[in-house]
Each structure stands twice: as C-alpha cells, then as structure tokens.
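Taking the form predicted alone, here's one chain by itself in structure tokens.
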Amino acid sequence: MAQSLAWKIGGDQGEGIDSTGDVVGTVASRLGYYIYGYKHFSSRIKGGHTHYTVRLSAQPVLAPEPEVHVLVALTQETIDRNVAGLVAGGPVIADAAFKPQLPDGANAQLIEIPLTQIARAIGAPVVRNMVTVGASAALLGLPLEAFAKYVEEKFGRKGAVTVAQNVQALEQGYRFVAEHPDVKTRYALPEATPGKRYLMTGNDTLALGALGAGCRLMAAYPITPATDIMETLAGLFPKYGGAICQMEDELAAVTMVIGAGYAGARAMTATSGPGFSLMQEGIGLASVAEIPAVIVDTQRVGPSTGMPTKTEQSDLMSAVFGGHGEGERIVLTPGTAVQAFEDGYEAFNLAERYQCPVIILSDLGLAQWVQTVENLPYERLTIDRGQIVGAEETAALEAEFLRYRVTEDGISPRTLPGTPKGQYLATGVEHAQTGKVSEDPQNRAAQTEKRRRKLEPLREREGVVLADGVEGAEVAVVCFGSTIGAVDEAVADLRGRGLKVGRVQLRQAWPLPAEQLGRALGDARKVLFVEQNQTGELRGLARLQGLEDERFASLLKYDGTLLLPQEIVEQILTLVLKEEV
C-alpha cells in the first residue's frame, strides 16, 4: 500500500502522450485521488521526446514524485531516458513492436505488450495508447470500470463503434497484465472518497479569477506558456461578454490594455519573458499616467528564447524594476491554482484602487501543470473600482478638477472620459496636477513622491506573507511561486523526523513587505531562500530592502526542471548538521 504513486508515459511528440496522461489523471481524480500532473516536452510542434507524469496520492500534492512507479514506453528512447528514475524493480510497459530493451544494469521489469498488434486487431490503430491505460490500471490497482465509464463519456459523440473499440482496448491491456503470471510488481493506493474536485492549471484558474473580476477585454500575442489564458477566456467571453484581441506584438497588446483601462474597462494581457521585455515601455506609461492595467508574466527559462517549455523564476527583478526610470507597480506572486484565482481577481481591484499596473508573476510550473482543485473561493470575490469621480460630483465642483492632485495618501481621484467637467488628459510626459505637461522641479518631485507614497500601505497588506511554524524553528524556508508545493512537502517530511522547520511564502514581491517578512522569520536559527534562478533574486530583493543577516542561505535550481521536495530536505539537513558541528 502506497500513499503516493507516479505513473509516466513517454514517446515522440504527436503520439497522444498528453491525452493519454489526461485520461489517467482524470479517472484517478474521479475516484477521489489527488493529482499533480507535469510534463517534459520539446519546443516544437511534433517530434522529439516527451513524457507526462501523473502523481496520484491519497493526500493533497503539489510537487513531483521523486521516483516513477510505472513507466509506459512507446519508444526505446523513452526507456533509455527514463528508466533510471524508476523505483527499484518497477514495471516498464513497452510496445513489442519496437523490440524494447532495458539498458545494462537497469533494475526494472520489462513488460512487453503487443500494443500495435492489439490495436490493429481491434480495427483502430489509434487505440494503441488506450491499451496502455488498461495495463496501467491493472498495475496501479485502479478499477477498469471507471476507465470504461470515462471512455463512454469522452467518445460517446463519436458513436458506438468508437466507444466499443476504446473499451475493448482498455480491457485487453488490463487483462494482459492482470492475468500475466510473470508480472512481479503491482501497487495499491488507500481507498479514496470521491468528491467535487477539478483538475486545473494556474492558467485556468487565473482566467476564471479575471472573468469574475469583470475583465472583459484581453489583448495578447500568443507565447508559451501564457497562451492558455487567452484560449480559456476566448471560450468564456462569448457567454459572459467580452473580447479577445490577438495583437501583432506584445507592445501593441499592453498599450491596448492601457487604453481600455484609461476608458474605464477592466482589461488584461498575458505573456512570458520575451514579450514582457517588450512591454516595459508600456508599463512605464501606465505607471506615470496612473492608469490601471493587469499584466501576467508566466516565467520560463531565459534569457532571449531560452527554453520556452521549461520553468524558471528569473523575471522577478524584471517585474519589480524593469523599464527606464522608476515606474511604480504592484507585483503579485501566486503559488497554487487557488492563489492564481485569488490574484486573478484581486489584481483588478488593486490596479484600480492604486491606479497603476499590476503584474501577476506566475511561472510555467504553476501555469501549465495540472493539480487537484477542491474549491475556488468565489464567495470572496469583490469589486473595488477605487476613487472614480462621477458626473454628480464633478457637476458640484466650483474649481477645476485636478486629475493628478497631490493628496496625503498619494491616490488622486480620477474621472472617466466623457464625465462633464472631468479631466481625461493622460500623458507619459511628467505633468502637473491638471494633467498638463510640466517640467517644474518642485512639481516633478511632488508627483514622483505621490506615486511612490500611494503604494507604501501595501507593505503591510494582509495575507501576503504566509508563515507556518516559524517561531523557534531550526530552519525557516522562504519561497514564492510554484515552489510552495515542494517546500510544504519537504517541511512535512522534516517535521516527521522531529526537526522544527517553518516556512514562509511570499504572495507579493512589490512593494516588498520587508518588515512583515522580517517579523515572520522571527527567531528562526537559519533561513533558507528557495528559488528557481541562478542569482537568488528574492533574497537579493530582500537585501535591497534592508533584510539580510548571517542566518540567510540559498537553495537555487535553474536547470529548467521542477524543484523536488527531497532536494530541499537534503539542503536543510546540511544546514542543521553544519550548525550542530
């Protein structure tokens, strides 16, 4: 009996790897298991090795499994590349058609199944992968009936013949393993309780959050791994109202969003590192003109094209300081699908309340890998449009309306275009309180200080420094983004060994809540910053804000692969042992 199992299928891109993984993940989810599904794929449409891992667990999981329990290989390359990550003696399901072989010294059991031959005998070569699903169900101890039911739902519209062929493929794969006397390794998970759960990505939930916030325009240029947000909203806007505009480039996208925000619409764009670089001038315009705009940066490996299909967290400094001059912005850092939903709607409230660009800094690991979502907090969804002055208020004014009035809290009331006696002049040139161009030194200083002053309260915003078990901890782990899954699992592991380990997740990178973070770290003996970049950007940002001492250390991973819980465990054990010595 295992609490968690990992199933992996690999082959060439274009062979239905993703759809096969989706079947296993969806059915296991319906049976009540928690799922975390993650992929390796090349930066091309077809060809090249790819694999999809589905982690099944009796408990919530948001990180990769260290070893694979069942490997399904549709090519010899899949075996060669992945067998080393298999548990000792684990089964490898392989198509007999390519004459599979285990590498010398491999500790695995090869199960040759005539997948192609079975599929052809059924009369539908495309059901080859469904044979592997049936065989996998037998190895994982999952009921065949659940897969057959899903197949009926999935392929029902294609007709009875298609359904029958897929069910037959499932049955033959299942029977081959269940009745095969030489299969040594079989698994079982604790019985689970089915519930109202969904398999979603951070891109999915972020799009839903934006929709709930009243976003009705998305202007974007397609780019991995952000495009799914645009595609999700394209499917939702016809029902709820709204428009998708695929622009000629990212600069056009961000300026359209700025124009919509200036006019009073809630609008957003989404991109990744290369496109985010192109948006920097537009972000500066939104900042100085004090126009709300929501921008999603789903980080991937850079610089330049980098590795478009691999994850990294190396845009943090770019998100906080990118562009010329000192343009104020808010940077949010969700780590789970639920948090992406929360930031997906709260970003619009913050953008309008503080009249500035809000950047949601996601990453590929959060954006594209599926996880179990039990509940999205729709009940918390509120709309805050900030200080918009209406026609009745402007009509009562005796003096000129000052759009950029210098106020004590730094927030200037705004009017929307068309409001009588309002002021709608917005320019990227420095301006006076009236909105008209001004190069007066005193005015320049006053406007710059006003824009900075309005964001200062965000340093103490509630819910942006999430601490657990830090007081008196031997080690406190600090993280942001999708690494929270691996961090939480590592912390639970170490606590189970009797170590006092805490963790702190940062949900807002700018304005950095440095004092909150310092208070959260308290008297922890060691502090470990966990990041997926080479230079320790979060730790560096904390240092710039005056938060650094001899307790601090870093765990940095920047090879494009997901952070593993055991990597954090090993680093923390090293820290503790060093301190004891």
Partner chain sequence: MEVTLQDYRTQEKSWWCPGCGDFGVLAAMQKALVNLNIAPHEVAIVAGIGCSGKIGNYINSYNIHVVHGRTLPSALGVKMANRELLVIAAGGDGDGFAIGMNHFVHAVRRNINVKYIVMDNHIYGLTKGQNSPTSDTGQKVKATPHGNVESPVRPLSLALSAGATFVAQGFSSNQAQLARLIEDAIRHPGFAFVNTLSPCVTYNKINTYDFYKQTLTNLDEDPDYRSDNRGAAIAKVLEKEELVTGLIYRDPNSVPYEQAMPGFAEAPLAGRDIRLGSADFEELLEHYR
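Positions refer to the first chain, counted from 1. Not measured: the values here are computed from a predicted model.
The same protein has a further form, the form predicted together with its partner chain, not shown here; the description that follows concerns it.
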Candidate stretches 454-462, 190-198, 493-501, 357-365 - the one whose heavy atoms come within 4.5 Å of its partner chain in the model of the complex: 190-198
Is there a heavy atom of A160 no more than 4.5 Å from a heavy atom of its partner chain in the model of the complex? no
In the model of the complex, is there a heavy atom of its partner chain that lies within 4.5 Å of any heavy atom of V133, even though the partner is absent here? no
Would P274 count as a contact of its partner chain in the model of the complex, using a 4.5 angstroms cut-off between non-hydrogen atoms? no
Partner contact for A96 in the model of the complex: its partner chain, 4.5 angstroms, heavy atom: no
The listed residue (T255, Q433, S287, T309) that reaches within 4.5 Å of its partner chain in the model of the complex by any heavy atom is T255
Only hit among V127, V475, L332, A213 for heavy atom within 4.5 Å of its partner chain in the model of the complex is A213
In the model of the complex, which residues of 341-375 put a heavy atom within 4.5 Å of its partner chain? F341, Y345
